[in-house]
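Below you'll find only one chain, the form predicted on its own, shown as structure tokens.
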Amino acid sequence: MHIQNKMLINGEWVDALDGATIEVLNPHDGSLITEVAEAKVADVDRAVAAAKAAYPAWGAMQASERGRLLLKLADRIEECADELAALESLDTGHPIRDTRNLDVQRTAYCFRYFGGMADKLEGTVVPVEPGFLNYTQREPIGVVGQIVPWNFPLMFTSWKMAPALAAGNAIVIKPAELTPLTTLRIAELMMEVGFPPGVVNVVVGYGSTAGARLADHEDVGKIAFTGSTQTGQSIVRASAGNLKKVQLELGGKGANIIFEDADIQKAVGGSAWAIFHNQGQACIAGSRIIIHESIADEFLDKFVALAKSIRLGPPDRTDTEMGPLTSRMHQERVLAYCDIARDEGAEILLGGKVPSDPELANGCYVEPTIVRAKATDRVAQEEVFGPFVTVLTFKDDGEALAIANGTEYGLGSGLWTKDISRAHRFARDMNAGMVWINCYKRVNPGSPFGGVGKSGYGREMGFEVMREYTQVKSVWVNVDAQIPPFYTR
């Protein structure tokens, strides 16, 4: 397995100017994987300067040629699928069966989708007064700063890179310091297939230094961030200097409603996927299961039994269904919420602790945790971001909607019912950027992804994200109109 540990600036792999490095640890056992170059302010400045110099030629390149490079990259990712899957599992703790069957495939699919999108952007002709032609065209922003989270680094790298590059921007991307390895490997593949120097620059650093510098840099025209709400708010404040465009995909506390007429078996399986996939480390996780009181006991009997059967283990084993959390710090955070639940008087139906298996003792593991609580409890309001689900019950549709909309977040939500009118009504009324009906956590490069409220603004994916990475220019042409004379005295 090849591991890159330097940063990419202007087509060259370089160390940090001051020689600083960051340790990258294996979440399964805490062992050292490698040390990567740590970007600080001066390194970010170098990367931004490289992107600024490369942008004019890249932005002026025929769009289909930009798309061709993205398509070549998608092919190359598929050729390296096993290596990328193993590297992602090693770095994040995500089970190999998921990185191989989901993460790598979704990454290639995303680059291929936006490779095809590159030459599909269209302007409009606007009806204005007679004698004038008014048309609009979409232009790239220029230099874009992108900050990738640690939970799905490979997939989110494609979500950030692909549309920005397809639209003609040059980028400086900062992967999370915890999980930088697959982003660096993708950048290597980009150099192999012929992306021009400076168009893509990768700097690994901490949010307080490298991330903050990207956010306030005068030559960065846009910042795209996925991560916590608190950090997103800091980025908005830092962006004020040059009024850069900001796109934020932030926290969530997904409502997952189980109505009395739901297909219980499908709802149980779908709800387990919604919260326990990737150890619950997903902004769109269905972390609040809201169940009609008439079926609560039946649902919970089946749901708890399923959760008990989830196989925890080393992420490189093909039969592992749930691996470790990605860092020791995050394991401690999730366990702290288990203590908060106990302090609040919530009932822990399952889990709430580290597994007893000695093979997992040195890793960042937490058992699947199911907590029955009140809607106002902290564990039902705050994002835990782990294999931790809060169970709530309701009497009628009005109460279900009130509970679902009763947090500051509005990212993803789901519902399970056979009543199609109710389904559409709730999809309309739920305070969320995405709603899944009789399913959960479905994503596709063609479908907009993003939230409202403290879950952020702007959208990933689809035609919507191409608008996020471009700006509109309005052009007026005098065809045969008379221009009134300038009034003189």
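Just so we're clear, the structure is a prediction, and the values are computed from it rather than from any experiment. Numbering starts at 1 and runs along the sequence shown.
The next section is about a form of this same protein that is not shown, the form predicted together with nicotinamide-adenine-dinucleotide (NAD).
For a residue to qualify, one of its non-hydrogen atoms must sit within 4.5 Å of nicotinamide-adenine-dinucleotide (NAD) in the predicted bound form; all three of 231, 283 and 411 qualify. 250 is the sole member of 250, 155, 96, 338 with a non-hydrogen atom lying within 4.5 angstroms of nicotinamide-adenine-dinucleotide (NAD) in the predicted bound form. This chain is displayed alone, yet in the predicted bound form one of 77, 118, 90, 176 has a heavy atom within 4.5 Å of nicotinamide-adenine-dinucleotide (NAD); that residue is 176.
Residues of just one listed stretch (352 to 360, 316 to 324, 132 to 140, 199 to 207) have heavy atoms within 4.5 Å of nicotinamide-adenine-dinucleotide (NAD) in the predicted bound form: 199 to 207. Heavy atoms of residue 148 reach within 4.5 Å of nicotinamide-adenine-dinucleotide (NAD) in the predicted bound form, making it an interface residue.
Although the partner is absent here, residue 193 is not a contact residue: none of its heavy atoms lies within 4.5 angstroms of nicotinamide-adenine-dinucleotide (NAD) in the predicted bound form.
By the criterion of a heavy atom within 4.5 Å, residue 227 is counted among the residues contacting nicotinamide-adenine-dinucleotide (NAD) in the predicted bound form.
Though the partner is left out of this view, residue 259 does not reach within 4.5 Å of nicotinamide-adenine-dinucleotide (NAD) in the predicted bound form, counting heavy atoms only.
Heavy atoms closer than or equal to 4.5 Å to nicotinamide-adenine-dinucleotide (NAD) in the predicted bound form belong, across 353 to 389, to the residues 383, 385, ordered by sequence position.
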